[in-house]
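The chain below stands alone and is given in structure tokens; this is the form predicted on its own.
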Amino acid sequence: MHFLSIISENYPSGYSTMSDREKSKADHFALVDCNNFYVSCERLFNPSLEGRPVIVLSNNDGCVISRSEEAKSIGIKMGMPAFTIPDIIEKHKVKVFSTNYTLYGDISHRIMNILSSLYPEIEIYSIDEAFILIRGMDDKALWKAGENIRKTILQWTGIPVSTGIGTTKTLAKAASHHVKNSGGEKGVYVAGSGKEQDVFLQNLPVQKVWGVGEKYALFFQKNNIYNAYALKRADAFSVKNRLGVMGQRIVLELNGVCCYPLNNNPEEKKEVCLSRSFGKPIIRYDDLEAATVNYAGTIAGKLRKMELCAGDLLVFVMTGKYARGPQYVNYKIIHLPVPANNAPELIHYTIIALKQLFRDGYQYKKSGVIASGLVPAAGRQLEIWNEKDHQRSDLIQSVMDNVNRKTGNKSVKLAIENDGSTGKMKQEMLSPKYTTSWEGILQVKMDDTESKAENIV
């Protein structure tokens, strides 16, 4: 006997249901999702890519992490290693790009600023997704709001977006999936109520419901639950008994009961991590140090922006998981005498750890630095017997930051910090940093017959 029946009317204390009339003007969540975001960013500055299959690869030009609709139609799937599809790339003249983190991050920042200006109650969910809260609108007004979001972002940034709207985050996520896979009217879909919503949920496979992972999906399918509508009609308490409160919340959210409010005040970071896989294996200590100290310097800058200091540093090194030859993975934790966020100090302790970790005879493929034990910079506790002049080192770092803000990032840096070429990721198809670098700014040439746009070399 399966537990699938009709949903229990006895919700736990604190939950309540609404009639369709009440739902019509309730608060709604909208999930705004950029379409094929990385590809869309590349197309912004290269219109010739429109209508052409385009893919973006992960670190070291590894796997496919973003695809245009044309690339999807010729069978390129997410996660495919690039080296397995050279014939497809050549046959269909697929344009391939390395990941341009700087460009994508800047465009994402602009989109999120636009959204927050339209709807101040916002939760940034990922680099290309955000939940916003829309209050007191009926379904007709919600459609107009979604269309206005789409038009505004497209006009101001050139990035196409889809908007799914529902009374809970789970329903908004489901509506967003419907838009992307079924077309959705004008890139917008409102998960309404009644029979219309039931039909929409019947077409959503259970494994596509937000929060349903592989194990949950297998469990539901064993109990004859194959779509979101069947899950909606399941008994929430039976699900809780088998899967816990997280499973119960999925059922309740599908029934319009909000279990996940908007989180517009995310918790402070507990750690800051920076690591990279090297484009080529590193053998010499000097090369490993040159790559790793840059991570420590970058982390120091991030901590200062967040007005935090690190109390602990974890430094790790590792060889390639699938490389031939001896394997080696190790880490070292350093407890700082006084929490710090200036580059000289973090680099100093990183080098101490790295010298203890390094072993001859290995081909290192990756290293990283993790700063933890974070405390507010204004309230850090100094040691009575610590002789280091922290005020002086912090003042020197502040002067360097001021110069770099005026003249460009890394104009002034420590002698030990290299240009980043050592251990640099493989990025053979990297596009220019169009919006953040003078060298990447487009140059427009006009004559009597045509206009051209080309990169400044």
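Treat the numbers as computed from the prediction; the structure is a model and nothing was measured. C-alpha atoms forming the largest set that superposes within 1.5 Å between two forms make up the rigid core. One-based numbering along the sequence shown.
There is another form of this protein, the form predicted in complex with the DNA, and it is not shown here; the text below is about that form.
A.B. asks: Of the listed stretches (203-211, 352-360, 135-143, 228-236), which one has a non-hydrogen atom within 4.5 Å of the DNA in the model of the complex?
C.D. replies: It is the stretch 203-211.
A.B. asks: Tell me, yes or no, whether Asn59 is in contact with the DNA in the model of the complex, where a contact means a heavy atom of each within 4.5 Å.
C.D. replies: Yes, Asn59 sits close enough to the DNA in the model of the complex that at least one of its heavy atoms falls within 4.5 Å.
A.B. asks: Hey, in the model of the complex, is Ser277 touching the DNA, heavy atoms inside 4.5 Å?
C.D. replies: Yes, contact at 4.5 Å.
A.B. asks: When the contact criterion is heavy atoms within 4.5 Å, does Val329 count as touching the DNA in the model of the complex?
C.D. replies: No, Val329 is distant from the partner.
A.B. asks: Is there a heavy atom of Lys215 lying 4.5 Å or less from a heavy atom of the DNA in the model of the complex?
C.D. replies: Yes, Lys215 lies within 4.5 Å of the DNA in the model of the complex.
A.B. asks: Which residue, Lys195, Lys93, Lys270, Lys222, is the contact with the DNA in the model of the complex, using a 4.5 Å heavy atom cutoff?
C.D. replies: Filtering the options by heavy-atom distance leaves Lys270.
A.B. asks: Quick one: from Cys63, Met400, Leu49, Met429, grab the residue that has a heavy atom within 4.5 Å of the DNA in the model of the complex.
C.D. replies: Result of the distance check: Cys63.
A.B. asks: Only counting heavy atoms and a 4.5 Å limit, does any residue of 230-252 reach the DNA in the model of the complex, and if so which ones?
C.D. replies: Stretch hits, in order: Gly244, Val245, Met246, Arg249.
A.B. asks: Look at Asn330 and decide if its Cα position differs by 2 Å or more between this form and the one not shown after superposing on the rigid core.
C.D. replies: Moves: yes, 2 Å or greater.
A.B. asks: Rigid core fitted, is the C-alpha displacement of Gly192 between this form and the one not shown 2 Å or more?
C.D. replies: Shift of 2 Å or more: no.
A.B. asks: Using the rigid core as the reference frame, would you say Ser176 shifts its C-alpha by 2 Å or more between this form and the one not shown?
C.D. replies: No; that C-alpha moves by less than 2 Å between this form and the one not shown.
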